[in-house]
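Next up: just one chain, as structure tokens, the form predicted alone.
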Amino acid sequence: MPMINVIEPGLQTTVQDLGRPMHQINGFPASGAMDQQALQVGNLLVGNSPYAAALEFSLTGPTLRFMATTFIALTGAEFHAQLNDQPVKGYRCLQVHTGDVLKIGPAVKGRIGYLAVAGGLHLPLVLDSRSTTLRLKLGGLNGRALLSGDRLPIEAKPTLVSYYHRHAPLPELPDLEQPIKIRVLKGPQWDKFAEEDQQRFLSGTYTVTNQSDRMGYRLKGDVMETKQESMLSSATVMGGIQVPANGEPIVLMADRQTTGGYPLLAVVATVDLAKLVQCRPKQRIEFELIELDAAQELLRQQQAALKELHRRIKKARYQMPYGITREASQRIQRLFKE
């Protein structure tokens, strides 16, 4: 089977897909891509199912050699990536050939990047997912981050319809110079916090600390108190904002535990999860409370944009320029005219 050879692994580069949310009831973390929006756009650009596995990397991407002709797309954070020493753009489908070297390097803006490959990464499914959960050594490539010398099985793909039309708008990424606004909903223990703490949370500025990883982003800022001395453990969700005993919030991420015993002050609106995931250490954050109806409408708009991108690519199947499948497309177009 064709392979991708890993020359340099980058920083914590792992295989991720949309995770294993249906196995949380068995105590397994959902895991999966931190920025699921970026993963889905990447898969769409190379013609994959949304569930296909891709590479995820944090702050520094890998250097890879492709051992087959196929198509790739780089999404998520912004990188000055190079293909055979020539700059390549993100959020655009690219064809690579046998022997080509892609050097992704350090992120210029944002934190988490993705490399989607046409056909996905052909690794075994574990609990219905190819996602890597590092602390359980589960899934992905032997349950670990990539190392130099690793080989990732892919499929050769010499053609791809709508090639020239497979590009998407760049997302807005956090700027370290400016605080970003993250919209949240009230959590189940919101009323257990004093009104002063609620206002402190909504009017204050919090900073992402270095103690942030795939389990959770620890924030530093005005500390809060909760009147609730103890509580039963309850299910967790990505974006849940827990307040532990020290009063400084933790935003739960993809590899969070399935249950937690800290009070949940708020939950990040799903539409803003990608923006939060892309925050580096020292990024300042301000929280804004919104209602459930508004959060659902924003999510609908985000999903509609993804569907529109899919529709645009599909519609461009027979539009000029035809690109890599030009000859076949012209024959099909003639058949339609006849």
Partner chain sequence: MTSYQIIPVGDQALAIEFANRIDPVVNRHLQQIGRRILKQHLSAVKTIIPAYRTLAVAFDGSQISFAELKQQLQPLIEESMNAPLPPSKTWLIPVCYGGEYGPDLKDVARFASLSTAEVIKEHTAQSYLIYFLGFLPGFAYMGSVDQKIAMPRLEQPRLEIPAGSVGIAGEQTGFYPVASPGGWRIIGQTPLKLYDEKNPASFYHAGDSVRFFAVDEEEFQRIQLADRLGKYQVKAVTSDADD
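Residue numbers count along the first chain shown, from 1. Just so it is clear, the structure is predicted and the values come from calculations on it, not from any experiment.
The next section is about a form of this same protein that is not shown, the form predicted together with the partner chain.
- For the options 48, 70, 58, 270, the residue carrying a heavy atom within 4.5 angstroms of the partner chain in the model of the complex is 270.
- When contacts are judged by a 4.5 Å heavy atom cut-off, residue 181 does not count as touching the partner chain in the model of the complex.
- Of the heavy atoms in residue 28, some are within 4.5 Å of the partner chain in the model of the complex.
- At the 4.5 Å threshold, heavy atoms of residue 97 stay clear of the partner chain in the model of the complex, well away from it.
- For the chain shown alone, residue 299 is a contact residue for the partner chain in the model of the complex, at least one non-hydrogen atom being within 4.5 angstroms.
- Heavy atoms of no residue among 13, 168 and 316 are located within 4.5 Å of the partner chain in the model of the complex.
- Heavy atoms within 4.5 Å of the partner chain in the model of the complex belong, among the stretches 172-180, 231-239, 89-97, 206-214, to residues of 231-239.
- Along 76-90, no residue reaches a heavy atom to within 4.5 Å of the partner chain in the model of the complex.
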